[in-house]
Structures are given as structure tokens and as C-alpha cells.
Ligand SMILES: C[S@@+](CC[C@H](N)C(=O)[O-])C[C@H]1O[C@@H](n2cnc3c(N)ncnc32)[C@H](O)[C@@H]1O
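This document starts with one chain, in the form predicted on its own, laid out as C-alpha cells.
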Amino acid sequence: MRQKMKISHLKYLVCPECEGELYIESIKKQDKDRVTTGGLVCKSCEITYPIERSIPRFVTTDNYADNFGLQWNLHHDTQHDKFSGISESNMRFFEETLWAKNLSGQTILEAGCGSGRFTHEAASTNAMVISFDYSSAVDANYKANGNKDNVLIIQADIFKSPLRNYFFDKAFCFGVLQHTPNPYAAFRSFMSKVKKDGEVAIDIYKKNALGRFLSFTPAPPTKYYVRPLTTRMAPEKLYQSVVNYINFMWPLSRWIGKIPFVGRNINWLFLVADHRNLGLDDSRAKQWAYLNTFDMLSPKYDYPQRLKTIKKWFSGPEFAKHEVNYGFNGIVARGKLSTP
């Protein structure tokens, strides 16, 4: 049986507009205490939020993250370890968070779930995981993790999330903050949901000292030359253009990739997201190339950050301790919040 919105899940949620209590009404489909289709209503301001396909929806269908909804529903299993044949998601989750493998009895908040590859890793700790995304990627996550009793998936805005303040034991946000209109405000918003003695972990793209047009990390400089065009394209049209381009370049990229030391960088310079170094077979590496080339070119917002900036985010009195370093996705940061 797939996991649906449970009545008991209301304890994690509040109205994103006024933080009022929510109740379930207009249940159209229900299986015992699980709601497939219905509505959530705020007791204070009486706004109704739909439950569709077992997922509470607190945002409109169309928003600035439409491109992510498209890519993750098309590639709903591409980066999951179970299908990729490598352990990249597991390694990245546990090495970035440094959390224990068993977190029974704790609650984890995931901000920006994408297809749910990290939701799976968080749920493997036996903690209760509340995972959200701004885009329709939540449907891809539901396909991957909808059978887990310790996962609740919702569609929500990181700047106005329907989650209780100072409630969660832990929270993480991987690969998301740089794609919001205001990365620092997004960070502060999701951090406010964590208990005063809780833990926070993030990663974010690195802003190179040479500037985005000269840096190869986290993406080649050519990305920024073409983004003024690609970000104006409809996501469906752009994705098909990316597929056609990768199909054309793929045979050549195999040979270029074999050039010692610089081959992969050359491929990335030509906007071929080359992940063969991860141990992927050719067909899977090509799927990753479709996905990550599109991911480079499609987001409306792209705001990498400097290491010193992220250190400043974590150096305030809210944190009892913190650690900020270069890592998997550019910069990795984690911190433990101060007790009251």
C-alpha cells in the first residue's frame, strides 16, 4: 500500500499564511486514515489547500521551478542509487550531514526534495522525514518514496512553508538554495523550522574568486554565456534541444573524455555534463548528461556563493558550533543550533 496523507500528519503542518491549525475536510478519496484526494482548511483564515494524488499542495501549479518539475518527473530514478548502480546519493547524504545511520524517534525536514534520492537516504535512518519541493518534482518523489510509512511529502514554498517553527530535530537542503530568488532568506526560512538544539546541513554552488565567466566550478563558464537564451525557452523545448545536442555530441565526448587530466573539463566546457568518472555505464552516464546539462541551463535563478559568505551565515549566535568547507556540490555547511 502506498503512503498517503495521514490524518496524524497534521501535527507537522500549519497554514503558511497565518500559521493557524489545519483540519481535513472535503475528503473525496480515503483509505482508513489515509487521504488520497481532499482538502486542508485553516481554522483561522479558512483558506483551503488541496490534497491531490496523496500530496498536500500549498502552492500554485505554475511557478519559477517548473523546469525542475519537468526534469525530475522525466528522470525520476536516474540518480537514485538503486538504479544508477553507484552509491553517490548515500555517500553524499551521510558525508555531508555526518548524521548517524539510526535516528529513530527524530524528525528530519528536507527542503527541496527533487526526485527524492536524498529522501530515501534520510528515511533509511528510521526518522520521520517531512520532505517538500516547490515544483511538481514531489510527484517523482512520491513514486520513489510513497511506500514508506516514515515519509510525508508536500508541495510547498521554502519562503512560506506550512511547517511548525522550532519543531524539527534536523533539517537539510541540498542543491536548492542557489536556485531561489534569495538564497540567504531561503536558508533562514527553513532553518527557523529546526529546534533550538537541532542540526542543519546544506550544500550550495561555489562562487569562484575569478567570477562566474572564468570558473569551471560548479559548472563551466560557457553555461553563463548561453543561459540568457536558454532560461527564456519553454522547459519542454529546452529539454528536447538538450537531448538532441547530447545525442550529437556523445560519440565525440567519449574520445574527448579520454584526454588525460583535461578531457572531462573540455566536455563540460562544451556543455556535456560528463559523469563517467563516477563509474556509471555508458547508457546511465548519458541519462545523467541529459539531466545535468538541462539542470545547468534551465533554472531561472543561479546564485553561487563564496565560502566566506556561507561561514557568515553559520557564525551567528544561533549556532553553538558549525563547520563550512568545500565539498560535493561546491560548499558544504552544517551546524548545531544553540540551546535556549
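Sequential numbering from 1, following the sequence displayed. Because the structure is a prediction, the values reported are computed rather than measured.
The discussion below concerns the form predicted together with the ligand, not included here.
Colleague: Looking at 260 to 268, 158 to 166, 140 to 148, 192 to 200, which lies within 4.5 angstroms of the ligand in the predicted bound form, counting heavy atoms?
Modeller: In the other structure, the partner sits against 158 to 166.
Colleague: Candidate spot 118, 135 and 180, all three in 4.5 Å heavy atom range of the ligand in the predicted bound form?
Modeller: Each of the three qualifies.
Colleague: Identify, from the list 65, 310, 40, 289, the residue with a heavy atom within 4.5 Å of the ligand in the predicted bound form.
Modeller: Partner contact (heavy atom, 4.5 Å) among the options: 65.
Colleague: Might residue 302 be said to contact the ligand in the predicted bound form, defining contact as any heavy atom within 4.5 Å?
Modeller: No - in the predicted bound form, heavy atoms of residue 302 and the ligand never come within 4.5 Å of each other.
Colleague: Flag residue 176 as yes or no: does it have a non-hydrogen atom within 4.5 angstroms of any non-hydrogen atom of the ligand in the predicted bound form?
Modeller: Yes - in the predicted bound form, heavy atoms of residue 176 and the ligand come within 4.5 Å of each other.
Colleague: Though the partner is not shown here, which residues of 286 to 302 have a heavy atom within 4.5 Å of the ligand in the predicted bound form?
Modeller: Just 295.
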